[in-house]
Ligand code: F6P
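First, one chain by itself: the form predicted on its own, in structure tokens.
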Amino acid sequence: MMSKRIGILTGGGDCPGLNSVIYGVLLKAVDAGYQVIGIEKGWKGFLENRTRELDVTSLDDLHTIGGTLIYTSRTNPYKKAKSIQDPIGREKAIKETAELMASQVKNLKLDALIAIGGDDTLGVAAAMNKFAGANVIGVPKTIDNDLSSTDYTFGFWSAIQLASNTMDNITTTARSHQRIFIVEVMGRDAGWLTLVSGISAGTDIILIPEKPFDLQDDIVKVLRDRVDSGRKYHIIACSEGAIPTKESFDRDFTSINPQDIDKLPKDDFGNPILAKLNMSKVLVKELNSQDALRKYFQDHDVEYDIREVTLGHTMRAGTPNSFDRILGLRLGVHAVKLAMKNRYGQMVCLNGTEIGSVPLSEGAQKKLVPHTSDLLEVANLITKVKCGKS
């Protein structure tokens, strides 16, 4: 009897812990007598038949290595179908594409396909299962931690540590020069990375997409209060997707307007590339035009020197931390367990301390920072107390 062949691909941006998941899949699959077929470059390689068998004996301790050995891409197989304006025609085209994708699973002689990715990559897998019954299983991956139904995604805590360390380190320069540093953090339209790394590093102001900010109330006033309380330097953690309120846009901003956000280029999945907005640079320009605030600093013998630091892809870089290594291994092992039980159309997830699963269509949904999160309370308390307002 031929052994099962399990395909595995990684899609979207790279992420600490991808190799950990692959290694977890390999460990369980080999133990079960299955073959593991690596599909290179995500959905692009899937459609182009770019495959190779993965041999666990030559990949010792793969879980300790960053990145993905089978490469990745942001290819969206449904891009053309989703561009169709007519809803009925669009749905039909998506179904036809899903059926084509499902037939490719058979063409590659795979009994099951494990897709590791974020909401975009898993959305492709979910449609394959929904419209064509494809034998797919999802593993949630994103440093943004913005996938529903899982407490944490692997890669999140590694990225948090990298961002937190950078903000810790930049503090010495801020203190030495009495500077204001605006540190731009990745995360698209979710603020988890900025919020948690900002709290971890004790930053003075945190700006996230879920809570549009007012330049005067949330930045200028806070900086004045900090100067009043004797503070000589300031660190602002700013999400790449943070935007002002409409009132603040109209009143305070001269270098950008709401239409600039609407005109941002989009990726293959239609997501605006928020990094192109360069909100940290925008804030440097706008704060440099605040003459009254500059004078206030000078009157208190404090330098008014504003710089921006964009963390960008450094947050995806390097080896995964211990948490993400272990989580990746566990998710990989449990993904194979689902395949062994023929439980397809599922996404493995972390709930508390246990690994479970949810339907792919549910797991691929977005998770944003709720306004009731106690993390927001912690961040607000840090800002308030460090302004001498307690």
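Note that the structure is a prediction, hence the values are computed from the model and not measured. Residue numbers run from 1 along the displayed sequence.
Form predicted together with the named molecule: not shown, discussed below.
For the options P140, G155, G187, G198, the residue carrying a heavy atom within 4.5 angstroms of the named molecule in the predicted complex is G187. None of R231, K285, R307, R316 but one reaches within 4.5 angstroms of the named molecule in the predicted complex through a heavy atom, and that residue is R316. Stretch-level contact check against the named molecule in the predicted complex with heavy atoms at 4.5 Å: of 204 to 212, 86 to 94, 187 to 195, 276 to 284, the positive one is 187 to 195.
Not displayed here, the named molecule is kept clear of R224 by more than 4.5 Å at the level of heavy atoms in the predicted complex. In the predicted complex, the named molecule stays beyond 4.5 Å of every heavy atom belonging to K130. Contact annotation: R74 falls within 4.5 Å of the named molecule in the predicted complex, judged by heavy atom distances. Although the named molecule is not shown here, in the predicted complex the stretch 366 to 382 places no heavy atom of any residue within 4.5 Å of it.
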